[in-house]
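Heads up, the chain below is alone and in the form predicted on its own; it's given as structure tokens.
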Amino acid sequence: MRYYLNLIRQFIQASFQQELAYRSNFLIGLLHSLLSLGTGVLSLAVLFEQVESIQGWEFAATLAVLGVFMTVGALQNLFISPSLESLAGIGGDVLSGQLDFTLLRPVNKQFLVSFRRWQPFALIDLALGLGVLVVAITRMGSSVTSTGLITFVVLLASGMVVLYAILLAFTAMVFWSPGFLFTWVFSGVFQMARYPLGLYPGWLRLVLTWIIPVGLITTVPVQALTGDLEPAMLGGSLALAAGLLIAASWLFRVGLQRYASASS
């Protein structure tokens, strides 16, 4: 474990040194993050200006969903997407043949492709997302219990596992279809997770919960805060997260076996 933690530390240092060489990107990233925050919060403020709740969701709880969406998205952009895109993106290791060098390194291949690239400017989005969460939880007041808060943290971590597993599975598909970027398809669907599942029609809620489970990433953790989470949903979310991680890891290993070395 210490060996892998040390590798992560070195990956972070190398990525920060590379990215901080382009300091103008910091101002651009900050402006983009503030605009995204402003439009997200403003849209909710306009939505709830005339009503106190929509489909049982009040402003504070809906704001918490937005905060979770921003936080999870920031963590995705911090290390998951940069790492996986360096493998399967345009000019990535699979298409360029640079994966040969990755396979020769004496370290777990899934670990290496999952943590080797970091985007430091995503820390801005992470701070803003956590800030929105704090404001939302504060507005919810005494309705948030310690048990609900602990369950929320557990489900938030579970949601990150779900997100990582989905992205890893889509990334692994590059070994079957190198010219198609499957993660771009998921990115469009993931945008629907910025709003509570209760705002969507019943059939779509089912799809976004168990078929393309973006609702498990954002809405379900907030339900733990509001006290609306059923035990069956808690168990199902944790079981699905574990199952998706196992399945995605298996798919990645099978995909690696299909890789044809650039030197062959």
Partner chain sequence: MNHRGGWALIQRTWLSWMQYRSFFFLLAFGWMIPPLIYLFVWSTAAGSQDVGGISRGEFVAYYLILILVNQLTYSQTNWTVGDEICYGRMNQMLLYPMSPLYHALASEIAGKVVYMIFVVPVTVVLALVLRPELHAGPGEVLAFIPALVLAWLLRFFWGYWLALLAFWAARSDALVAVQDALVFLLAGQIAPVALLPGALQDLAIALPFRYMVGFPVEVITGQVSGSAMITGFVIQIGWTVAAMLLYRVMWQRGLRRYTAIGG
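Here the structure is a predicted model, which means the values were calculated and not measured. Positions refer to the first chain, counted from 1.
A second form of this protein, the form predicted together with its partner chain, is not displayed here; the remarks below concern that form.
By the 4.5 Å heavy atom rule, the three marked residues Ser43, Gly198 and Leu204 all count as contacting its partner chain in the predicted bound form. In the predicted bound form, its partner chain sits within 4.5 Å of a heavy atom belonging to Leu31. The shortest heavy atom separation between Val185 and its partner chain in the predicted bound form is within 4.5 Å. Remark: Glu230 does not count among the residues lining its partner chain in the predicted bound form, judged by a heavy atom distance of 4.5 Å or less.
In the predicted bound form, its partner chain sits within 4.5 Å of a heavy atom belonging to Val51. Only one of Ser96, Ser146, Thr138, Gln191 lies close to its partner chain in the predicted bound form, with a heavy atom inside 4.5 Å, and it is Gln191.
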